[in-house]
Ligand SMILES: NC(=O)c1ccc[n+]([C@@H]2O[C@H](COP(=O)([O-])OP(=O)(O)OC[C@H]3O[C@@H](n4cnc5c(N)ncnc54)[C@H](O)[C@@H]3O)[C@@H](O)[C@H]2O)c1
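First comes one chain, alone, set out as structure tokens in the form predicted alone.
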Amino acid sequence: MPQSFRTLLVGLGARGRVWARLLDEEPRVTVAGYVDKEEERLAAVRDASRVRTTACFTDLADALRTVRPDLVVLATPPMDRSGDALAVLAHGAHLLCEKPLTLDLGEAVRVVEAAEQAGRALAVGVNFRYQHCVTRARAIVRSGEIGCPAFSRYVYWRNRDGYRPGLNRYPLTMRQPMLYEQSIHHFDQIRFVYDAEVQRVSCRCHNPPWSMYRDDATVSAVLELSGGILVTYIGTWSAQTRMTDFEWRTDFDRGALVQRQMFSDLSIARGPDAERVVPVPLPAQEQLVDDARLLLAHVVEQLAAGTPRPHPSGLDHLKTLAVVAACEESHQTGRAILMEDLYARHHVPDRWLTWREAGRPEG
């Protein structure tokens, strides 16, 4: 009989409710408790899932002592995550944490260090890696069928209503919400699909006068990656129309890949003289749910196999979070940021930077 992991879900906001659904569906997980500071959210879980009152907590430390979980899924706001993450690892549980791991690269380094020292697994919920369009694009890049990627344009133009029911409200007031809540997914996709690392970053952030967000809701960046790949990126949550515009185009030496929808619509052009792109067949997915379901199943499968650093690992996530930190620093200083300098200033060990992750999902 497959191993079942006693699991504690911490945070029942918009994303936490998705995790509650997925944990309930995952056969290798037994949900042993829920934590949230708001009693109203705990009551909603009790009503929806017939959860016992004794399995609901408003205090994480109390829940850890009582439940003694094997695995904790942390879906709290990112401003509070580092302390909660350290508490979980100190307790001896494995941790699956929503992205970003923290809003501070130094704090993230300390969390990863704690996981390494405790011998506990630390995975991060970068679910965009599990979208079929992303895993298929990665497989095409790895196959070499249209050569090597050379340059790319990534455009994400959206009017995101931060007050819309079903969305978390904290991005409205947090520092650099576009960078840490949205662009981080895009930068992670770029690293993942090209299987390359960002080496140099130039960035400018901006908040238009009509923005509902307290801090910058627009990011414009140039990323220089290993292998000579150049990416121009622009993303915004404060477009002036409801018409979302998305395009991720990558040109190779023997063709191009084009994605025209955020979660689908991948096409390929074969040959430098191609006059049209050909759609790449993809299975349907429920947006932001099915990809997280695949991520959860993959993490639990690796835990059951005893994988010490299950994909997507906290160690790998540091490299994506560092790109976000470099963008913020470049915006503040007006200078391009060399990633090797940023890593040195934050005392990231060289062995972490040279370690390559195994077990990545493929299309």
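Just count from 1 along the sequence shown to find any residue number. Since the model is a prediction, treat every value here as computed from it, not as a measurement.
Below, we turn to the form predicted together with the ligand, even though it does not appear here.
| Which one of these stretches, 38-46, 312-320, 325-333, 298-306, sits within 4.5 Å of the ligand in the predicted complex when only heavy atoms are counted? | Among the candidates, contact is made by 38-46.
With the cut-off set at 4.5 Å between non-hydrogen atoms, does residue 185 touch the ligand in the predicted complex?
Yes, contact at 4.5 Å.
query = Is there a heavy atom of residue 176 lying 4.5 Å or less from a heavy atom of the ligand in the predicted complex?
reply = No - in the predicted complex, heavy atoms of residue 176 and the ligand never come within 4.5 Å of each other.
- 4.5 Å heavy atom contact, residue 288 to the ligand in the predicted complex: The answer is yes: residue 288 has a heavy atom within 4.5 Å of the ligand.
Quick one: does residue 168 come within 4.5 Å of the ligand in the predicted complex, counting heavy atoms only? Taking the distances in the predicted complex, the answer for residue 168 is yes, it comes within 4.5 Å of the ligand.
Problem set entry | Residues 162, 208 and 215 all lining the ligand in the predicted complex, heavy atom within 4.5 Å | No, none of the three is in contact.
Between 152, 189, 238, 76, only one gets a heavy atom within 4.5 angstroms of the ligand in the predicted complex; which residue is that? Here the answer is residue option 76.
Since the partner is left out here, which residues of 124-138 would have a heavy atom within 4.5 Å of the ligand in the predicted complex? 125, 127, 128, in sequence order.
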